[in-house]
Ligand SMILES: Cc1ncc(COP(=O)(O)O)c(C=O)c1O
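To begin, one chain is listed below as structure tokens, in the form predicted on its own.
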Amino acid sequence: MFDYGLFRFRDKQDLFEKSIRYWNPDKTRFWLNAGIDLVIDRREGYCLYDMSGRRLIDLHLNGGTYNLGHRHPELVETLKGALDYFDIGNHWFPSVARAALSEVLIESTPGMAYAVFAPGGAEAVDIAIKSARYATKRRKIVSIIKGYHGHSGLSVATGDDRFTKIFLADQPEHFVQVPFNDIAAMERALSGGDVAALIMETIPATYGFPMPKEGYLQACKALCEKYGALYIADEVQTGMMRTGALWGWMTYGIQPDIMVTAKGLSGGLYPISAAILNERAGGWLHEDGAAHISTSGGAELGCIVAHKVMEMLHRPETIANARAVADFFREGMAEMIARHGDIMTGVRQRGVVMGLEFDHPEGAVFVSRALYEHGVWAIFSSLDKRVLQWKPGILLSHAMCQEILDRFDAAMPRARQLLREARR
């Protein structure tokens, strides 16, 4: 019996049956069929524990939500302390917590003027798109084929067909997609002078972290300026020191008009996201500040945690550790390619943003399973299953980095076996 106080389960199978019946049948069956019977229970630092007690090192991080680890003691203490004074708050009125976090975000984001808060990244993308449309008085939005920006009303229309067509959310008249790293296609999409904004992840995560070609992002920004479109940088997975700088666009020397941050901003403890706007994009805040409202957007408890997250990210020791982790895996994965080059074909990397390439169309699915069996959880890219998303946390210790590499090495024979079986 697994007793959690308010609820209990007879055993793990009982949990799966109820998950299928009451929660999400397809998602639950998908993981079971893939050989991943994970039910996350206790979590601490960069480790997850299955409800049966099995330990896994987390290299998924839920897209960077646990950038600083699970239940970081400083963040837990911050949230506990905030609960003595704060709650969600009231979105209609000025707030000490929202004002303080806004100031920190704007001071950390050159060229920006205002922070508008939401509960999650998709909602923040909606705010970004609405702000771009306000500023330009245009409707059309350009995004990347196989890009991903969330699942809400406007954000889902910027993403892959897999996420739009099922809900009849594909809107070709207002949402145009072009191939990543194709600057000629980008110019064709923008040259009509009818585009409100280009939205891109600095490095597209769900697509497997393909790296921007030299000068590509700068050229995209220049085209936006040439044709009067705003540039929206989606930093949900590339922000928070994960590329080696606080925001990924800083490492590429570009200046967005709007930026979106989420996931890691919450510290993994209280949902919060933000659309960071320059003066032009934020003009509607002067005209009608209630044009966009959200009861839990900028919840004061979330603001307090996010304020602490930002303080931790600015510490010299955090910055140094993030770079040390990136260097460790750069060297370590070069060694792994030398040892396992028969199945592992390449590494895409910028800081701790990494994609590991394998030589089978769904190679990363099998590698993910092999790693799971060897105590490491890393997820394959949804829109390119050749690529394993490899997302180490920025506060990992050297000892745990070495353990991860050792477990990766040990898992490769099992990965080969699974790949052989898949090719039969």
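Every value quoted in this text rests on a predicted model; they were computed, and no experiment measured them. Sequential numbering from 1, following the sequence displayed.
Unshown form predicted in complex with the named molecule; subsequent notes refer to it.
- Only one segment in the set 235-243, 135-143, 349-357, 212-220 has any non-hydrogen atom within 4.5 angstroms of the named molecule in the predicted bound form, and it is 235-243.
- Among heavy atoms of residue 297, none comes within 4.5 Å of the named molecule in the predicted bound form.
- In the predicted bound form, the named molecule sits within 4.5 Å of a heavy atom of residue 201.
- For the chain shown alone, residue 302 is not a contact residue for the named molecule in the predicted bound form, no non-hydrogen atom being within 4.5 angstroms.
- Remark: residue 148 counts among the residues lining the named molecule in the predicted bound form, judged by a heavy atom distance of 4.5 Å or less.
- Screening 189, 122, 112, 312 for any heavy atom within 4.5 Å of the named molecule in the predicted bound form leaves a single hit, 122.
- Of the residues in 255-275, only 263 comes within 4.5 Å of the named molecule in the predicted bound form through at least one heavy atom.
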